[in-house]
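A single chain comes next, written as structure tokens; it is the form predicted alone.
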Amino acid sequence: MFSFSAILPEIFVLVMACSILLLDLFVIENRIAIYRLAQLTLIGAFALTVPLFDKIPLLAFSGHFMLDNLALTLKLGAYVLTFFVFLYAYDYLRLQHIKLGEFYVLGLFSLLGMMVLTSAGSLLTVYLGLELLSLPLYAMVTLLRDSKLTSEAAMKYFVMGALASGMLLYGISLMYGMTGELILMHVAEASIGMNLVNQSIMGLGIALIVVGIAFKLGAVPFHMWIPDVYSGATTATVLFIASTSKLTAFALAVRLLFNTFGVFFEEWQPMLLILGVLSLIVGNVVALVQTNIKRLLAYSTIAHMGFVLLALASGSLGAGLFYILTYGLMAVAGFAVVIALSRAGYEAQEISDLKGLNRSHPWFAFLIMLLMFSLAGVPPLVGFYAKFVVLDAMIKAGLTPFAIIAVILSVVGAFYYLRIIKVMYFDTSDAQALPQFTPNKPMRVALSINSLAFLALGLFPGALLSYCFWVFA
């Protein structure tokens, strides 16, 4: 069945991305015009997506493309996060002499892959969306062509990404070989009542799929690319990878593990539990000794993805969705801080660069404090409620020992967040080391809204929390 309205947002983003590419190449020399067109693309896609809530559930293209509450929610979340990414990146790209057109076009194509993947109704669409998401990201990492560190990060990301995609594709091929079906609903139906031999092969395929999902989330032991890519790539690129792409990894887990192979829950649940606990341990412990802000946030990401995996292992998709959405907002703000502290020819990456920040820029220091408290899970900020709903789901699922481990490791992790606050408010600044940053007004306003949202969502979490659970009702 063909449904033009179902794919209208995807068509719009594709047409606008191609148009911006051609305009940047042949027509427009004004950088801000490219930026505004990219932002208008996101606003337009948002406006085209919202009315689709009245048409769900909807299957298109013989079941290869589907629209449901989860797909639309993650698309809207991706638009919002990408809007913040593009806004924060504008001045940074200009000061670092990086071509804006390339960044925004690659970002829009990657966003298109996310949109396709979140609406994937078949194994084929899953893989096509995943590759469309990943390939532009590999190119975005290499935007600083003359930097050896950036080239190294891009090579590691590409090799590890290709390996993970290969494993995922091999797992998908095993699924198709055992069931003879591509449509996810048909694969799920064919998986019921298999003999022991076929179930064993299916188990191998599921294990390979879990590896691919773990890589996209950055879970241990498939996390080795995250610290190097986060510290080596441009901060604008890391903004995109650390926030928006995580929504897609969550969609991938829901589509393949729950919607398709939910009957094998007892087979893959232990894998997620082990990956989640290992991610919490490695992420929080290694972050304790980091002095580089970007590497610290990289290991923080690994720890937070551990909570997402534990939410999935407990079977609480609502808790997982709430966590991944709120973490996306926190990740965008975290790397925006690095951008705000940067200037032409200089990128503030060390925690020591924040010394005495409260004395020179008290409002900015306050926003960073809100961010760090939220990442640490301090009430009444939204990071606390995100962790609370996951821990509550784990206890209800009979995973109390794992919940206790998660609480202990969260307390350990709070140390490195509080250390940043201590440096800002209590350490004496070095006049020569303190960067003279002057973020533009739109960025100051956006970062204020972004950070104050942690407090607002923390004080009034009910609406978003109820919505996240309603998505899977």
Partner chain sequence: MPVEKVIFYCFAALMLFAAFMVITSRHPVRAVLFLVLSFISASALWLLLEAEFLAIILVLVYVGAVMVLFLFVVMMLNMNTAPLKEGFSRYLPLGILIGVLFAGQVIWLLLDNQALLPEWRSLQRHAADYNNTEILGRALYSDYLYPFEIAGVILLVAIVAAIALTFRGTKSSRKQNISEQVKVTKADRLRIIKD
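Keep in mind that this is a model prediction, so the values were computed, not measured. Numbering follows the first chain given and starts at 1.
Beyond the structure shown, there is the form predicted in complex with the partner chain, which is absent from this document and is the topic of what follows.
Asker: Evaluate F373 for contact with the partner chain in the predicted bound form, applying a 4.5 angstroms cut-off between non-hydrogen atoms, and reply yes or no.
Answerer: No - in the predicted bound form, heavy atoms of F373 and the partner chain never come within 4.5 Å of each other.
Asker: Residue-level question: is F109 within 4.5 Å of the partner chain in the predicted bound form, judged on heavy atoms?
Answerer: Yes, F109 lies within 4.5 Å of the partner chain in the predicted bound form.
Asker: Verify the contact flag for L128: yes if a non-hydrogen atom of it lies within 4.5 Å of a non-hydrogen atom of the partner chain in the predicted bound form, no if not.
Answerer: Taking the distances in the predicted bound form, the answer for L128 is yes, it comes within 4.5 Å of the partner chain.
Asker: Is it the case that S62, even though its partner is missing from this view, gets within 4.5 Å of the partner chain in the predicted bound form, heavy atoms only?
Answerer: So S62 counts as contacting the partner chain.
Asker: Where, among 269 to 277, 98 to 106, 354 to 362, 300 to 308, do residues come within 4.5 Å of the partner chain in the predicted bound form by heavy atom distance?
Answerer: In short, 98 to 106.
Asker: Just to confirm, with a 4.5 Å cut-off on non-hydrogen atoms, which of I201, A188, L163, M155 contacts the partner chain in the predicted bound form?
Answerer: Selected option: I201.
Asker: Considering the partner chain in the predicted bound form, which of A393, I241, L247, V116 comes within 4.5 Å of it through any heavy atom?
Answerer: Of the listed residues, the single hit is V116.
Asker: Decide if the three candidate residues L14, D146 and G177 all line the partner chain in the predicted bound form, where lining means a heavy atom within 4.5 Å.
Answerer: Every residue of the candidate spot has a heavy atom within 4.5 Å of the partner chain in the predicted bound form.
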